[in-house]
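As a starting point, one isolated chain is supplied in structure tokens, in the form predicted on its own.
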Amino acid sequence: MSLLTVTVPATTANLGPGFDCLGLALTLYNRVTMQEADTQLTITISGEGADWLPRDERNLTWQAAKRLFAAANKWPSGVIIHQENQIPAGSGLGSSAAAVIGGVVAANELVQAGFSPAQLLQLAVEMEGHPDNVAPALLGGLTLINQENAGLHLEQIPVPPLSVVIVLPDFPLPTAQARAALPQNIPLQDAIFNIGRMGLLIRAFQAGDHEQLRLAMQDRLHQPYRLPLVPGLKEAFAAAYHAGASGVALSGAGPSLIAFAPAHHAAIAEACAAAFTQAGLRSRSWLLTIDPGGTRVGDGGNSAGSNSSFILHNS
């Protein structure tokens, strides 16, 4: 039986003030191949997480596929899945969103369920619990998402090509722990602070205006509470700016940071790595751009294993 291939980009959410409502797709990819088979379930994994991600019913891509099969009431006799992962798990780069989107999109193609992108997104959000990573993973680019009782209101915001440095320290920061660090109530002035910067951030992205990003990426809702959780993270922010970054933010719930800059990318990566080394942590860095297309079926375009990204620094 023929294989089908689904390629899903990494994502970064929040981008400073856009807490839980702003996400951006990046040129780092996970690829899922799926095939109907006589055996009930076979899962293989290569790349990131290959030594510890589950290969049984607990596998998140398989759970997402099962959710699609159940929603469509179409079940294959068995499934063979291979995951080729470039997105580090637990990094703040949307690895779980990529697993879920890869599963529902591949399953939709496998059984020819005919679900629309909106229906696939809704299934993914039900699994993830929030849409800020799954929406750009599916659709690409910069996405503004509002979640309401009636469903999702989503706006894709056109942005020019921008280069970003991702720096990931070798430090575990579960999303649940990062969530638990946030206060239940915030001062009115902090809300006003973020609202103003959110508008400025979207405008800066649309215009490709690096000069506005430093002010626009300031935040008082989540970053001040999460930065102290990772040794050297606050110092890495300062080092990135000193090395020439235009804007720096925690990627999702962390522990990785994202730095936007028109130049000096290697210097920014090395400066951040030095800050983490000083704190006793190893780190990895990538130079990426914005993925405009989102999830793709087949081998066309940028895909896992392509040269659309490269490692800047290992320490």
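Just count from 1 along the sequence shown to find any residue number. Note that this is a predicted model, so its numbers are computed, not measured.
Beyond what is shown, the protein has a form predicted in complex with L-homoserine; the following relates to that form.
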Taking L-homoserine as it sits in the predicted complex, is residue 13 in contact with it (heavy atom to heavy atom, 4.5 Å or less)?
yes
Contact of residue 248 with L-homoserine in the predicted complex (heavy atom, 4.5 Å)
no
4.5 angstroms heavy atom contact with L-homoserine in the predicted complex for residue 179:
yes
Spell out, yes or no, whether the shortest heavy atom distance between residue 206 and L-homoserine in the predicted complex is within 4.5 Å.
no
For the chain seen here without its partner, which of 74-82, 208-216, 140-148, 125-133 has a heavy atom within 4.5 Å of L-homoserine in the predicted complex?
125-133
Contact assignment for L-homoserine in the predicted complex, among 28, 261, 275, 253, heavy atom within 4.5 Å:
253
Heavy atom within 4.5 Å of L-homoserine in the predicted complex: which of 175, 119, 163, 156?
175
